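Below you'll find only one chain, the form predicted on its own, shown as structure tokens.
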Amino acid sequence: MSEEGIVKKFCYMNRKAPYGTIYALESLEVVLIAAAFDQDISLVFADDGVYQLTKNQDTNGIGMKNFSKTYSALGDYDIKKIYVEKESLDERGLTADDLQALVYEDEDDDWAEKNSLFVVDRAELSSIIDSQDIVLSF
């Protein structure tokens, strides 16, 4: 994964809807495992992947376990860079208000809760992705 002493920047791209395939849940599990190994992680949600972060998901009608609340634990794993593509939200009639509030506690600022979710446009997202060492798409 990384050479000794060198931290690689990992970007996990989430482009699939949260249910109907295993991609969203598998991505979340891989991210949590990588975070346990102190990797520099960025999460990106684009296309139908933006639905993974919507509030008030109800999976009763489809018979699948709702794992959406697990995203609120990302801050506990020191994952502070979560990007949502603005154009993907717009194309689906969503806004940032439709998304879960994701925060982390900043130990350098007396454990103040800080936002870890950022809505960015395609140009900014492209720059973020270009700065990564490894990009995995789900």
Partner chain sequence: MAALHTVNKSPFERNSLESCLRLAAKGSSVLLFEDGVIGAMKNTKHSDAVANAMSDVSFYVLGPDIKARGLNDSNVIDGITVIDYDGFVDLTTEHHTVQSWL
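Residue numbers count along the first chain shown, from 1. Quick caveat: nothing in here was measured; it's all calculated off a predicted structure.
Absent from the display: the form predicted in complex with the partner chain. The rest refers to it.
- Within 4.5 Å of some heavy atom of the partner chain in the model of the complex lies at least one heavy atom of Lys16.
- Mapping the unseen interface onto this chain, Tyr83 falls outside it, with no heavy atom inside 4.5 Å of the partner chain in the model of the complex.
- Interface residue remark: Asn115 is not counted as part of the site for the partner chain in the model of the complex, having no heavy atom within 4.5 Å.
- In the model of the complex, the partner chain sits within 4.5 Å of a heavy atom of Asp58.
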